[in-house]
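This document opens with one chain alone, in structure tokens, the form predicted alone.
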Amino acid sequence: MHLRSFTALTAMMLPVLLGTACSNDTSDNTSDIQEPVNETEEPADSLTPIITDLYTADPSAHVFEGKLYLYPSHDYESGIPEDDLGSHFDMKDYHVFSMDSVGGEITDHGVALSVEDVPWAERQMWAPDAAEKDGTYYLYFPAKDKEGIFHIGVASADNPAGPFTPRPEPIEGSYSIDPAVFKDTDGSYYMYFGGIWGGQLQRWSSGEYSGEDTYPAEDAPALSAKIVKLSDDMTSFAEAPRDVDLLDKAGNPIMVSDNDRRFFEAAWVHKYNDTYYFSYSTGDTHNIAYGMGDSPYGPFTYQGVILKPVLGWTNHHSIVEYNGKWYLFFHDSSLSGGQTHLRSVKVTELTYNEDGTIHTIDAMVKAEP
């Protein structure tokens, strides 16, 4: 995050910070949660974390083999001080979870992939996603290489729980963070990716990596998420990544200065009634927003907010249909008492209006009917 975000962040988090003890545990514990900080009370009707034996975030949900599978990132207390680049989010492995029903028992299938298994990666295994094709399961993940540059890797397994075997190099032409893979009804697969600030998208403005941040002017179109069609082998790009066009209802690009609506990170695409929904995080304004379009490439017309800000700085989600209902998976920091880098996954039902727009959810209170 940029320093300018701290004013908004402080206003949002001050009640939490005043009433919450900070953890000083710097142990390298990647499997068990330390005693959560419970001094911050949740609203009585708020949602409950569905995974409580370790900290999880950025949940990508998919239906494989008739079950719901979750592919989250795995938070832990690294002891790294918080900074604008998210260095304190120093995740190093992934667990896969499954459930037969929403609200039912959740199975932790253990470590599916570790940074130590990935030859090209050094640190920060951030938000992943998964896909299936012809009986093979693919885990897509961002990580920083030995030079500190984010790329996107891919690993495969013969079952959705893994463990996954990574390819020795990242996907050629990949960069930045938050890969999300969408399978269209015609059998085509597309990857959406990108994140600004710590996600480094702004360092690829020229088409090649630069060690300096380069942002458009405040009155210019905002940086876009990227979309790329995947090759048949699911491990390479079939084309060069292109911008995801996000427009207002007048057909104009969302501008840099429009923090309430512009793309920041956490792209996700789903399809409902032949319409494509592009949803994403607005970052320093903490919304999950969305647009609607007629093609996986867009353009997507901004419609509104799916999920209002949650406890903690980040907001990251996925949307999936299961047994005839639609669900929003997301995270907040309630289990850790508001520590922004120790998050927990939650889920709530998602509903649509007759015109296809989505009801707004306020997870700090309840899901609006």
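In this text, residue numbers run from 1 along the sequence as written. Given the structure is predicted, the values throughout are model-derived calculations rather than measurements.
This next part talks about the form predicted in complex with a small molecule, which is not shown.
- Shown alone here, Ser73 lies within 4.5 Å of the small molecule in the model of the complex, counting heavy atoms only.
- Among heavy atoms of Asp129, none comes within 4.5 Å of the small molecule in the model of the complex.
- Put simply, Tyr175 is far from the small molecule in the model of the complex: not one heavy atom of it is within 4.5 Å.
- Of the heavy atoms in Asp58, some are within 4.5 Å of the small molecule in the model of the complex.
- Contact with the small molecule in the model of the complex, defined as a heavy atom within 4.5 Å, is made by none of His286, Leu311 and Gln339.
- Checking Ala180, Val96, Leu201, Met91 for any heavy atom within 4.5 Å of the small molecule in the model of the complex turns up a single hit: Met91.
- Residue heavy atoms within 4.5 Å of the small molecule in the model of the complex occur in exactly one stretch of 103-111, 249-257, 289-297, 120-128, and that stretch is 120-128.
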